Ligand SMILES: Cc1cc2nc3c(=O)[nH]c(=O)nc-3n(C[C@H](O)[C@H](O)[C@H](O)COP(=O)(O)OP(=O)(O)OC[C@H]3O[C@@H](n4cnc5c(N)ncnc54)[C@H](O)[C@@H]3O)c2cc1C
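Have a look below at one chain only, the form predicted alone, in structure tokens format.
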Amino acid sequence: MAQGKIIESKDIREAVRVTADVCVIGSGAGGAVMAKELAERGAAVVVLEEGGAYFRESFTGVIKDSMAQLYRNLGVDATAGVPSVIVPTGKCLGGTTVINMGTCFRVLESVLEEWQDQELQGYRAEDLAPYYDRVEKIIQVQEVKPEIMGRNGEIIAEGARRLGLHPKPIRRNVSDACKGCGNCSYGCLEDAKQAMTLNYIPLALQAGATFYCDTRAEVIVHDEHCISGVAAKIYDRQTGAFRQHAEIAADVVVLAAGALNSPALLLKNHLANRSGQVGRNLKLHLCTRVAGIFEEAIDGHHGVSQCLYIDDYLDQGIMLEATFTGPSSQLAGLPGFGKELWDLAHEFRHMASIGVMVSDTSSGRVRADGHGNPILTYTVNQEDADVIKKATMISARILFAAGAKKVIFTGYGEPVLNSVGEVELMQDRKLRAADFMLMAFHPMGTCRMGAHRKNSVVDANLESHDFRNLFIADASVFPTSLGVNPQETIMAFATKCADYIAGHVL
């Protein structure tokens, strides 16, 4: 079998016209897995990736370089609504797996039980376990080791235990080469974090798959009932100028562009939306940060960026994760102006922080503009605002229990607390959603799967209810919010879907 290729815009001098068994749109957690699994089964696979191909030698560790190279729209895509929520995603070979923090969770059994109530078959924990096992072996999932956890995780664990909570080291897709440099979200400088560029994509290439980078899918070609290929445009990476057309004839098309861009592409093409559900049901893990200032130097930027989790309140939709990044992103959103903010920045080395993640009950929508780019609308309801407030109060108590002299919120309600007593005084205060500065890292649900075509986009095999041989393999298919970081579940679902395609379609 011939070795596959990564083809970039600089390599292309004329229009591309190829025939494949499978065309995959997107090369992240869903697309790369589909490419590898199907190519290894003998299928001719072509992958279209809108972003560029970047590897360790391209990474500088400087946030402005990372944002320009690896993130979509410099990482500042945001929802229209109250409050506006920033939703950063990757746009590069390997997708968001290149810029996330490597956190790996299996889907919660409580979530799977909810899906069973919706008559979805084949999604019990025992059904998914073999797929998770395959994924975890390839991406080298392991717990954060004590020697690379860093003081941020250690001190938060101390505070949590003093409150009777149960902190645990996070499981990550990382090799033993990890030195805990804290650079996960800017592109791993050690090739330790096992993004798709280090495992599934090389395996797909070995099996003969071809990857076209700098290539934006524009048209999904179809007749009344069946998909027959994709038309795309290839752009110069440096200037953004159009270079060439690409046409891929394929028996199967797998859409794996993520929960924002997959529905936008379908809507642009007026496809797979007889249920009216494409782009609806946008779910987000609503995130904010609570920081503590300590007498001792923490140097939280030394150690794994996201190293520890506290799931004692998971039944209430709250996940707490010890999370710390470099100063240019860690200090963003902290309160104050001028000298006040300058003085706070001087305490960076004495800062520890907890990332709050709330599984939402709110729901938003993705629409497509005239060019097929996603437009996000989403308003946080009061129920979620109340849970976010509770999560921040818990985080503040943990930090004070760990010895913080003051606690800082990235929000507008009561930005600085100086004692546990002040936390208790906030209990009865009503905070609105607009009082919080929010980000969301895990968009989901916009092409949700379901047993009934009237209220879902794909079936339990991830195949479109409306068009044969159109599959979707990304977080858009999740029927509900997961409540935990989703990358490993996306990979497991893609593996399951590839098994179905190989056994029943090709």
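All values derive from a computational prediction rather than experimental measurement. Numbering starts at 1 and runs along the sequence shown.
Keep in mind that the form predicted together with the named molecule is not shown, yet the notes after this line are about it.
Contact between residue 9 and the named molecule in the model of the complex is not found at the 4.5 Å heavy atom cutoff. Among heavy atoms of residue 485, some come within 4.5 Å of the named molecule in the model of the complex. Taking the partner from the other structure, the named molecule in the model of the complex has a heavy atom within 4.5 Å of a heavy atom of residue 265. Although the partner is absent from this view, residue 91 contacts the named molecule in the model of the complex, with a non-hydrogen atom inside 4.5 angstroms. Only one listed stretch (449 to 457, 34 to 42, 58 to 66, 434 to 442) carries heavy atoms within 4.5 Å of the named molecule in the model of the complex, and that stretch is 434 to 442.
Contact check for 215, 258 and 306: all three have a heavy atom within 4.5 Å of the named molecule in the model of the complex. For the options 128, 101, 107, 227, the residue carrying a heavy atom within 4.5 angstroms of the named molecule in the model of the complex is 101.
Contacts of stretch 41 to 57 with the named molecule in the model of the complex, defined by any heavy atom lying within 4.5 Å, are made by 48, 49, 50, 51, listed in sequence order.
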